[in-house]
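Only one chain is given next, in C-alpha coordinates, and it is the form predicted on its own.
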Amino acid sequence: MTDRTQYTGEAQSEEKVYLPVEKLLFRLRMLYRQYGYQPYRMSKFEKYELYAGNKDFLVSDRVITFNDTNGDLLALKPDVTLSIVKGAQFRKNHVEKLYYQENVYRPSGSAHQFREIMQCGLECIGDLDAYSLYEVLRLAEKSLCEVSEECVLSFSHLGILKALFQRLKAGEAQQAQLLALIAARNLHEITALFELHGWGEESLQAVKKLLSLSCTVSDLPREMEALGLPWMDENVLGELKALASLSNGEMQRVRFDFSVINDIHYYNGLVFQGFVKGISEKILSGGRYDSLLVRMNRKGAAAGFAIYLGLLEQLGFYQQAGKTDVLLLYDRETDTGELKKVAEELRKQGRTVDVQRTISGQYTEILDLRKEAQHA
(Lines give C-alpha, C1' and ligand atoms only; values in the text may rest on other atoms or scores of the structure.)
Protein backbone atom coordinates (compact mmCIF):
# COMPACT_ATOMS: atom_id res chain seq x y z
CA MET A 1 0.00 0.00 0.00
CA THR A 2 1.37 3.44 -0.91
CA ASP A 3 2.42 5.61 2.03
CA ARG A 4 0.08 8.60 1.79
CA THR A 5 2.48 10.78 3.78
CA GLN A 6 4.65 10.93 0.68
CA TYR A 7 2.03 13.14 -0.94
CA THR A 8 0.40 15.05 1.91
CA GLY A 9 3.31 16.14 4.07
CA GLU A 10 2.87 19.35 6.02
CA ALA A 11 0.05 21.83 5.36
CA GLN A 12 2.50 24.18 3.69
CA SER A 13 2.98 21.63 0.87
CA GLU A 14 -0.60 22.19 -0.30
CA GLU A 15 0.21 25.85 -0.83
CA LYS A 16 2.85 24.77 -3.35
CA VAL A 17 0.76 22.16 -5.14
CA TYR A 18 -2.37 24.21 -5.90
CA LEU A 19 -2.42 27.19 -8.20
CA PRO A 20 -3.88 30.38 -6.72
CA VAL A 21 -6.87 30.10 -9.07
CA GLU A 22 -7.55 26.54 -7.83
CA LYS A 23 -7.48 27.70 -4.22
CA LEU A 24 -9.82 30.56 -5.15
CA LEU A 25 -12.30 28.16 -6.74
CA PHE A 26 -12.26 26.00 -3.62
CA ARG A 27 -13.01 29.02 -1.42
CA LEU A 28 -15.83 30.10 -3.73
CA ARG A 29 -17.38 26.63 -3.71
CA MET A 30 -17.29 26.63 0.09
CA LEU A 31 -18.87 30.10 0.14
CA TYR A 32 -21.73 29.16 -2.18
CA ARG A 33 -22.41 25.91 -0.34
CA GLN A 34 -22.75 27.91 2.89
CA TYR A 35 -25.70 29.72 1.29
CA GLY A 36 -27.38 26.52 0.10
CA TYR A 37 -26.20 26.60 -3.53
CA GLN A 38 -25.71 23.25 -5.26
CA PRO A 39 -23.15 22.43 -7.97
CA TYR A 40 -24.35 22.38 -11.58
CA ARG A 41 -22.69 20.27 -14.26
CA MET A 42 -23.39 20.37 -17.96
CA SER A 43 -22.13 18.93 -21.21
CA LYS A 44 -19.63 20.88 -23.29
CA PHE A 45 -22.23 21.17 -26.05
CA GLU A 46 -25.96 21.75 -26.56
CA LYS A 47 -28.28 21.61 -29.52
CA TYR A 48 -27.63 24.67 -31.67
CA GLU A 49 -31.31 25.64 -31.67
CA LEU A 50 -30.99 26.73 -28.02
CA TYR A 51 -28.52 29.44 -29.02
CA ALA A 52 -30.04 30.23 -32.42
CA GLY A 53 -33.29 31.24 -30.75
CA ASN A 54 -31.61 33.40 -28.13
CA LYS A 55 -28.74 35.10 -29.95
CA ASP A 56 -29.60 38.52 -28.55
CA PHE A 57 -28.89 37.18 -25.05
CA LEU A 58 -25.37 36.00 -25.99
CA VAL A 59 -22.15 38.01 -25.76
CA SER A 60 -21.53 37.14 -29.43
CA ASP A 61 -23.81 35.55 -32.03
CA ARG A 62 -20.87 33.55 -33.40
CA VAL A 63 -21.02 29.93 -32.21
CA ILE A 64 -18.85 26.88 -32.98
CA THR A 65 -21.12 24.18 -34.46
CA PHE A 66 -20.74 20.57 -35.62
CA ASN A 67 -22.99 17.69 -36.70
CA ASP A 68 -23.78 14.84 -34.31
CA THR A 69 -23.73 11.25 -35.60
CA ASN A 70 -27.55 11.33 -35.82
CA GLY A 71 -27.54 14.52 -37.89
CA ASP A 72 -28.40 16.99 -35.10
CA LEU A 73 -26.59 20.31 -35.25
CA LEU A 74 -24.73 20.81 -31.98
CA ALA A 75 -22.76 23.75 -30.61
CA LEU A 76 -19.92 24.12 -28.16
CA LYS A 77 -21.57 26.09 -25.38
CA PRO A 78 -20.92 29.86 -25.54
CA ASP A 79 -22.99 30.43 -22.39
CA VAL A 80 -23.97 28.63 -19.17
CA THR A 81 -27.09 30.56 -18.10
CA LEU A 82 -29.19 29.46 -21.07
CA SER A 83 -28.63 25.80 -20.23
CA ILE A 84 -29.53 26.35 -16.58
CA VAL A 85 -32.70 28.26 -17.41
CA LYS A 86 -33.73 25.62 -19.95
CA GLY A 87 -33.92 23.01 -17.22
CA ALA A 88 -35.39 25.24 -14.50
CA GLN A 89 -38.68 24.16 -12.91
CA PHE A 90 -40.82 26.80 -11.17
CA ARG A 91 -42.30 26.03 -7.76
CA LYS A 92 -44.22 28.58 -5.71
CA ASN A 93 -42.25 29.96 -2.74
CA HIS A 94 -39.14 28.10 -3.89
CA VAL A 95 -35.87 29.24 -5.47
CA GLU A 96 -33.39 26.98 -7.23
CA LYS A 97 -29.83 27.88 -6.24
CA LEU A 98 -27.01 26.63 -8.46
CA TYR A 99 -23.32 27.43 -8.80
CA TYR A 100 -20.99 26.35 -11.59
CA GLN A 101 -17.44 26.25 -12.86
CA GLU A 102 -17.47 25.77 -16.61
CA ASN A 103 -15.55 26.59 -19.77
CA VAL A 104 -17.39 28.45 -22.51
CA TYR A 105 -16.35 28.90 -26.13
CA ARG A 106 -16.80 32.26 -27.83
CA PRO A 107 -14.86 35.05 -29.58
CA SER A 108 -12.73 37.07 -27.20
CA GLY A 109 -10.03 39.73 -27.26
CA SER A 110 -9.22 42.39 -29.81
CA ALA A 111 -8.71 39.79 -32.54
CA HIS A 112 -12.20 38.34 -31.79
CA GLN A 113 -10.84 34.82 -32.14
CA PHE A 114 -12.59 31.88 -30.53
CA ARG A 115 -11.23 31.04 -27.11
CA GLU A 116 -11.95 28.58 -24.33
CA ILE A 117 -12.90 30.84 -21.42
CA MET A 118 -13.09 29.62 -17.84
CA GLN A 119 -15.78 31.18 -15.70
CA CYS A 120 -17.63 30.44 -12.51
CA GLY A 121 -20.73 31.92 -11.01
CA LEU A 122 -24.18 31.24 -9.67
CA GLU A 123 -27.83 31.45 -10.66
CA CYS A 124 -30.86 31.95 -8.40
CA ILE A 125 -34.08 31.07 -10.23
CA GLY A 126 -37.70 30.82 -9.13
CA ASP A 127 -40.02 32.75 -6.84
CA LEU A 128 -37.54 35.50 -5.98
CA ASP A 129 -38.15 38.15 -3.35
CA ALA A 130 -36.14 40.99 -1.77
CA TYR A 131 -34.11 38.57 0.34
CA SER A 132 -33.14 36.49 -2.71
CA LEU A 133 -31.78 39.61 -4.47
CA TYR A 134 -29.95 40.73 -1.34
CA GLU A 135 -28.30 37.32 -1.07
CA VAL A 136 -27.12 37.35 -4.71
CA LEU A 137 -25.68 40.86 -4.30
CA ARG A 138 -24.01 39.90 -1.03
CA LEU A 139 -22.46 36.80 -2.59
CA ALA A 140 -21.17 38.87 -5.51
CA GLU A 141 -19.40 41.16 -3.05
CA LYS A 142 -18.01 38.26 -1.01
CA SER A 143 -16.79 36.59 -4.23
CA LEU A 144 -14.87 39.72 -5.20
CA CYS A 145 -13.30 39.88 -1.75
CA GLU A 146 -12.05 36.32 -2.20
CA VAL A 147 -10.16 37.57 -5.26
CA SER A 148 -8.84 40.72 -3.58
CA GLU A 149 -9.70 42.91 -0.63
CA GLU A 150 -9.03 45.87 -2.92
CA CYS A 151 -12.27 45.64 -4.85
CA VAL A 152 -15.51 47.44 -5.57
CA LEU A 153 -18.89 46.19 -6.75
CA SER A 154 -20.71 48.89 -8.71
CA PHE A 155 -24.49 48.51 -8.98
CA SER A 156 -27.53 50.24 -10.42
CA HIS A 157 -31.17 49.47 -11.17
CA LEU A 158 -32.48 49.50 -14.72
CA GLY A 159 -35.91 50.50 -13.43
CA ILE A 160 -34.47 53.99 -12.93
CA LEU A 161 -33.52 54.15 -16.60
CA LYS A 162 -36.87 52.81 -17.78
CA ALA A 163 -38.70 55.42 -15.71
CA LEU A 164 -36.48 58.09 -17.28
CA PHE A 165 -37.22 56.80 -20.80
CA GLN A 166 -40.96 56.99 -20.12
CA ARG A 167 -40.62 60.58 -18.91
CA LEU A 168 -38.62 61.53 -22.01
CA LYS A 169 -40.88 59.50 -24.34
CA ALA A 170 -37.69 58.31 -25.99
CA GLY A 171 -37.86 55.88 -28.90
CA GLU A 172 -35.74 52.74 -29.15
CA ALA A 173 -32.98 54.39 -31.18
CA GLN A 174 -32.89 57.37 -28.83
CA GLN A 175 -32.74 55.04 -25.83
CA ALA A 176 -29.77 53.22 -27.35
CA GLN A 177 -27.94 56.52 -27.87
CA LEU A 178 -28.59 57.71 -24.35
CA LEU A 179 -27.62 54.36 -22.84
CA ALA A 180 -24.24 54.41 -24.59
CA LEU A 181 -23.53 57.96 -23.42
CA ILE A 182 -24.54 57.23 -19.81
CA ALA A 183 -22.35 54.11 -19.78
CA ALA A 184 -19.45 56.27 -21.03
CA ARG A 185 -20.33 59.07 -18.54
CA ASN A 186 -20.09 61.50 -21.46
CA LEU A 187 -21.82 64.58 -20.00
CA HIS A 188 -21.01 66.80 -22.99
CA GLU A 189 -22.70 64.48 -25.50
CA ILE A 190 -25.58 63.77 -23.10
CA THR A 191 -26.27 67.52 -22.92
CA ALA A 192 -26.16 67.79 -26.71
CA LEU A 193 -28.58 64.86 -27.09
CA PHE A 194 -31.07 66.41 -24.65
CA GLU A 195 -30.91 69.71 -26.52
CA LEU A 196 -31.36 67.95 -29.86
CA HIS A 197 -34.56 66.20 -28.78
CA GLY A 198 -35.87 68.98 -26.54
CA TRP A 199 -36.05 66.77 -23.46
CA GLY A 200 -35.80 69.67 -21.04
CA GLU A 201 -33.33 71.05 -18.51
CA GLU A 202 -34.99 69.41 -15.49
CA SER A 203 -34.54 65.90 -16.87
CA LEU A 204 -30.97 66.69 -17.95
CA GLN A 205 -30.08 67.83 -14.43
CA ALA A 206 -31.64 64.65 -13.03
CA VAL A 207 -29.32 62.52 -15.21
CA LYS A 208 -26.29 64.56 -14.16
CA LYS A 209 -27.20 64.20 -10.48
CA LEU A 210 -27.67 60.47 -10.86
CA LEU A 211 -24.27 60.16 -12.56
CA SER A 212 -22.61 62.11 -9.75
CA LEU A 213 -24.24 60.01 -7.04
CA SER A 214 -22.02 57.45 -5.29
CA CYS A 215 -23.20 55.79 -2.09
CA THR A 216 -23.69 52.46 -0.36
CA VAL A 217 -26.76 50.23 -0.62
CA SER A 218 -27.89 51.37 2.82
CA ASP A 219 -27.72 55.06 1.90
CA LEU A 220 -29.22 54.86 -1.59
CA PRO A 221 -32.97 55.26 -0.78
CA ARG A 222 -32.29 58.40 1.26
CA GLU A 223 -30.03 59.82 -1.46
CA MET A 224 -32.59 59.05 -4.16
CA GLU A 225 -35.34 60.82 -2.22
CA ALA A 226 -33.04 63.82 -1.73
CA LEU A 227 -32.70 64.12 -5.53
CA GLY A 228 -36.44 64.77 -5.76
CA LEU A 229 -37.37 62.77 -8.86
CA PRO A 230 -41.20 62.72 -8.98
CA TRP A 231 -41.19 60.45 -12.04
CA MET A 232 -39.35 57.65 -10.24
CA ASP A 233 -41.11 54.26 -10.16
CA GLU A 234 -42.34 53.54 -6.61
CA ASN A 235 -41.79 49.81 -7.11
CA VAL A 236 -38.12 50.45 -7.85
CA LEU A 237 -37.76 52.64 -4.76
CA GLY A 238 -39.48 49.94 -2.72
CA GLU A 239 -37.01 47.32 -3.94
CA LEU A 240 -34.05 49.58 -3.14
CA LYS A 241 -35.43 50.28 0.33
CA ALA A 242 -35.80 46.55 0.98
CA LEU A 243 -32.18 45.97 -0.07
CA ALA A 244 -31.04 48.85 2.14
CA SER A 245 -32.89 47.43 5.12
CA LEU A 246 -31.37 43.98 4.65
CA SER A 247 -27.91 45.42 4.09
CA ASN A 248 -28.06 47.27 7.42
CA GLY A 249 -24.65 48.85 6.96
CA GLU A 250 -23.02 45.77 5.39
CA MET A 251 -21.67 45.67 1.84
CA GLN A 252 -19.42 48.72 2.20
CA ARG A 253 -17.65 47.75 -1.03
CA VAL A 254 -20.94 47.92 -2.97
CA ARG A 255 -21.47 51.39 -4.44
CA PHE A 256 -24.25 52.88 -6.55
CA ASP A 257 -23.11 53.86 -10.05
CA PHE A 258 -25.76 55.00 -12.54
CA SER A 259 -23.41 54.27 -15.46
CA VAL A 260 -23.63 50.51 -14.81
CA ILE A 261 -25.92 49.44 -17.64
CA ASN A 262 -25.19 45.85 -18.74
CA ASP A 263 -27.66 44.75 -21.46
CA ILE A 264 -31.07 46.41 -20.99
CA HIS A 265 -32.69 43.77 -23.23
CA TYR A 266 -31.33 40.97 -21.04
CA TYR A 267 -31.50 42.50 -17.56
CA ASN A 268 -34.59 44.15 -16.12
CA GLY A 269 -33.76 45.25 -12.56
CA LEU A 270 -30.73 45.17 -10.32
CA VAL A 271 -27.44 45.11 -12.27
CA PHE A 272 -23.84 45.11 -11.05
CA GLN A 273 -20.20 44.86 -12.14
CA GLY A 274 -17.16 43.92 -10.08
CA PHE A 275 -13.64 45.32 -10.28
CA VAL A 276 -10.37 44.58 -8.46
CA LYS A 277 -7.13 46.54 -8.28
CA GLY A 278 -4.69 45.56 -11.00
CA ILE A 279 -7.28 44.70 -13.71
CA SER A 280 -8.72 47.54 -15.77
CA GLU A 281 -11.86 45.70 -16.92
CA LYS A 282 -14.69 44.12 -14.98
CA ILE A 283 -14.08 40.60 -13.70
CA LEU A 284 -17.63 40.05 -12.46
CA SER A 285 -20.95 40.87 -14.07
CA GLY A 286 -24.53 40.06 -13.19
CA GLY A 287 -28.02 41.13 -12.21
CA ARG A 288 -31.67 40.22 -12.53
CA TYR A 289 -32.73 38.76 -15.89
CA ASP A 290 -36.44 37.88 -15.85
CA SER A 291 -36.61 38.72 -19.56
CA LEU A 292 -34.73 35.56 -20.45
CA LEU A 293 -37.23 33.40 -18.55
CA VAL A 294 -40.11 35.05 -20.43
CA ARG A 295 -38.36 34.37 -23.75
CA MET A 296 -37.84 30.69 -22.84
CA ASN A 297 -41.41 30.23 -21.56
CA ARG A 298 -40.32 29.75 -17.96
CA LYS A 299 -42.19 31.13 -14.96
CA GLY A 300 -40.62 33.10 -12.15
CA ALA A 301 -37.63 35.41 -11.91
CA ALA A 302 -33.87 34.98 -12.02
CA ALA A 303 -30.69 36.67 -10.85
CA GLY A 304 -27.05 35.67 -10.91
CA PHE A 305 -23.52 36.58 -11.88
CA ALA A 306 -20.39 35.25 -13.57
CA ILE A 307 -16.72 35.70 -12.66
CA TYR A 308 -14.31 35.81 -15.62
CA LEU A 309 -11.44 33.73 -14.28
CA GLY A 310 -9.19 34.18 -17.31
CA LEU A 311 -8.64 37.84 -16.39
CA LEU A 312 -7.06 36.76 -13.10
CA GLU A 313 -3.98 35.74 -15.07
CA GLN A 314 -3.05 39.45 -14.88
CA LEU A 315 -2.77 39.07 -11.08
CA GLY A 316 -0.64 35.91 -11.24
CA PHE A 317 -3.45 33.51 -10.29
CA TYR A 318 -2.17 30.94 -12.77
CA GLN A 319 1.45 30.98 -11.59
CA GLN A 320 2.75 28.23 -9.37
CA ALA A 321 3.37 29.59 -5.88
CA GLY A 322 6.90 29.31 -4.48
CA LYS A 323 10.06 27.54 -5.58
CA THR A 324 10.90 23.85 -5.37
CA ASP A 325 12.36 23.22 -1.93
CA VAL A 326 15.23 20.92 -2.94
CA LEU A 327 17.07 20.31 -6.18
CA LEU A 328 18.55 16.83 -5.78
CA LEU A 329 21.45 16.29 -8.18
CA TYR A 330 22.84 12.91 -9.29
CA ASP A 331 25.01 11.42 -12.05
CA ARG A 332 25.93 8.02 -13.54
CA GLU A 333 28.04 7.08 -10.52
CA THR A 334 25.43 7.99 -7.91
CA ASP A 335 23.96 5.02 -6.03
CA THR A 336 20.35 5.07 -7.27
CA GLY A 337 19.18 3.26 -4.14
CA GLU A 338 20.63 6.06 -2.02
CA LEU A 339 19.14 8.64 -4.41
CA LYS A 340 15.67 7.13 -4.03
CA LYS A 341 16.00 6.91 -0.23
CA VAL A 342 17.06 10.55 0.13
CA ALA A 343 14.32 11.81 -2.21
CA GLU A 344 11.56 9.84 -0.44
CA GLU A 345 12.73 10.95 3.01
CA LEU A 346 12.61 14.59 1.96
CA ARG A 347 9.12 14.17 0.52
CA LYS A 348 7.90 12.52 3.72
CA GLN A 349 9.01 15.70 5.50
CA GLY A 350 6.60 17.63 3.27
CA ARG A 351 9.32 19.15 1.11
CA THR A 352 9.12 19.39 -2.68
CA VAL A 353 11.98 17.64 -4.46
CA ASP A 354 13.12 17.81 -8.08
CA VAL A 355 15.60 15.06 -9.04
CA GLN A 356 17.82 16.18 -11.93
CA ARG A 357 21.27 15.58 -13.45
CA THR A 358 21.83 19.28 -14.15
CA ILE A 359 21.01 22.51 -12.35
CA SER A 360 17.79 23.99 -13.70
CA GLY A 361 14.61 25.71 -12.54
CA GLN A 362 13.94 27.61 -9.31
CA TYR A 363 14.79 26.05 -5.98
CA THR A 364 15.59 26.95 -2.39
CA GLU A 365 18.35 24.41 -1.69
CA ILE A 366 20.69 22.15 -3.67
CA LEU A 367 21.58 18.69 -2.40
CA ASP A 368 24.38 17.28 -4.55
CA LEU A 369 24.79 13.48 -4.69
CA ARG A 370 26.95 13.50 -7.79
CA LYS A 371 30.06 11.35 -7.51
CA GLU A 372 31.77 12.59 -10.68
CA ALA A 373 31.72 16.17 -9.33
CA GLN A 374 33.40 15.00 -6.12
CA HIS A 375 36.18 13.24 -8.10
CA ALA A 376 36.85 16.24 -10.29
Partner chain sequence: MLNIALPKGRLGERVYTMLKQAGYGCPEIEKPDRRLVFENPEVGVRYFWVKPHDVTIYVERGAADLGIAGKDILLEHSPDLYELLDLKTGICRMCVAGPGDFQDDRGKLLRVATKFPHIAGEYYAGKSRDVELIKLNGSIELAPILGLSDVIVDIVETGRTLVENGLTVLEEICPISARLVANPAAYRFQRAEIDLLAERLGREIQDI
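Worth saying up front: this structure is predicted, and the values here are computed from it rather than measured. Positions refer to the first chain, counted from 1.
The same protein also has a form predicted together with its partner chain, omitted here; what follows describes it.
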Look at the stretches 158-166, 135-143, 244-252, 188-196 and give the one with heavy atoms within 4.5 Å of its partner chain in the predicted bound form.
188-196
Any non-hydrogen atom of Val276 within 4.5 angstroms of its partner chain in the predicted bound form
yes
Whether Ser259 contacts its partner chain in the predicted bound form should be assessed with a 4.5 Å heavy atom distance threshold; does it?
yes
I'd like to check something about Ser280: if you look in the predicted bound form, is any of its heavy atoms closer than or equal to 4.5 Å to a heavy atom of its partner chain?
yes
Examine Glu150 and determine whether its closest non-hydrogen atom to its partner chain in the predicted bound form is within 4.5 angstroms.
yes
Any chance all of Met42, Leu76 and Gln101 sit within 4.5 Å of its partner chain in the predicted bound form, going by non-hydrogen atoms?
no
In the predicted bound form, the one of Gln174, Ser214, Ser203, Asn235 near its partner chain [non-hydrogen atom within 4.5 angstroms]
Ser214
Given that its partner chain is left out here, which of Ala130, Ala184, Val294, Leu227 has a heavy atom within 4.5 Å of it in the predicted bound form?
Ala184
